[in-house]
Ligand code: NAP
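This document opens with one chain alone, in structure tokens, the form predicted on its own.
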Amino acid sequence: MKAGVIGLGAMGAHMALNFDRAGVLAAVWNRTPARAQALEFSGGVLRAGTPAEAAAKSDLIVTCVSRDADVFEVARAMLPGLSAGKIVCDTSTVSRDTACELSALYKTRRADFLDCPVSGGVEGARKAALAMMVGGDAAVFGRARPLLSKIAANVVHMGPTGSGQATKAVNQIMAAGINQAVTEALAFGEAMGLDMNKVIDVVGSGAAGNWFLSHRGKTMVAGSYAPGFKVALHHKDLEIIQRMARDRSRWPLSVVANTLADYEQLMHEGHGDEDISALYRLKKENFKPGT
């Protein structure tokens, strides 16, 4: 089987490069052609002129775009290039309902669909170390897994279509809560006059240690917020989760609501393209200097 990649942003580009290193990349497409041209692939990889052309060349097509509307636009554009037996794997973060609608759309061409959202950020994509949560038919998953394992280290079938997106929603709620806890705790530590690098080292080795603290702690206290996962994208994901929970929850999800409000302030101040650790900017403002 050969893979194609639609969408060569920060995540999709690394997925394509990892497929290419494994010798299984057939074609790529990106809305901005210059981005596809800038990537160095081995010989024989098609830089397609349309999504349909990339789909026609590939057995498994990975889509990696930002929003529900973008996913539908790409899906409709791919349809002429799809046929029976091809598998579309969407790694975008969208709603569970969108995943089900995409599955129905691809069935009109007798193509199979898996919703395959990922976690691990740009670092995980670069190292092919992503966690991938997959929804869809188990037999289709079995066919797709060998290729998906070229771009993700932990590929897990979660259940029927939409289960991958529901699992990603769990991940994004946890990420919001961890971001809130870590940024607030470190802002408190800084206000106490502590050596924050020492704080991060010792706390990170104990019960409160976590990925976000170890990978983002020292950069945030240094005032660096280079994006691994952008504020605006997490905000988009949390809005999706809020809609998903609306008919199933007795009360609003407090972590989601609070983080949305904080992200909206950051975006209003021009920090939407920074890493989500930029929440530290707001937490520090809560402490009065010199007290």
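Throughout, we count residues from 1 along the sequence that is shown. Just so you know, these numbers come straight off a predicted model, no measurement behind them.
There is another form of the same protein, the form predicted in complex with the named molecule; it is not shown, and what comes next is about it.
Enquirer: Please tell me whether the candidate spot formed by Val74, Val122 and Phe229 is one where all three residues come within 4.5 Å of the named molecule in the model of the complex (heavy atoms).
Expert: Every listed residue reaches the named molecule in the model of the complex, so yes.
Enquirer: Where, among 244 to 252, 262 to 270, 58 to 66, 42 to 50, do residues come within 4.5 Å of the named molecule in the model of the complex by heavy atom distance?
Expert: It is the stretch 58 to 66.
Enquirer: Evaluate Ala26 for contact with the named molecule in the model of the complex, applying a 4.5 angstroms cut-off between non-hydrogen atoms, and reply yes or no.
Expert: Ala26 lies outside the contact set for the named molecule.
Enquirer: Answer yes if any heavy atom of Val118 is within 4.5 Å of a heavy atom of the named molecule in the model of the complex; otherwise answer no.
Expert: Looking in the model of the complex, residue contacts with the named molecule include Val118, since a heavy atom lies within 4.5 Å.
Enquirer: My question is simply whether Gln37 lines the interface with the named molecule in the model of the complex - judged by any non-hydrogen atom within 4.5 Å.
Expert: Result no; Gln37 lies far from the named molecule in the model of the complex.
Enquirer: So in the model of the complex, does any heavy atom of Gly4 sit within 4.5 Å of the named molecule?
Expert: Flag for Gly4 set to no.
Enquirer: Pick out the residues of 1 to 34 whose heavy atoms come within 4.5 Å of the named molecule in the model of the complex.
Expert: Stretch hits, in order: Gly7, Leu8, Gly9, Ala10, Met11, Gly12, Trp29, Asn30, Arg31, Thr32.
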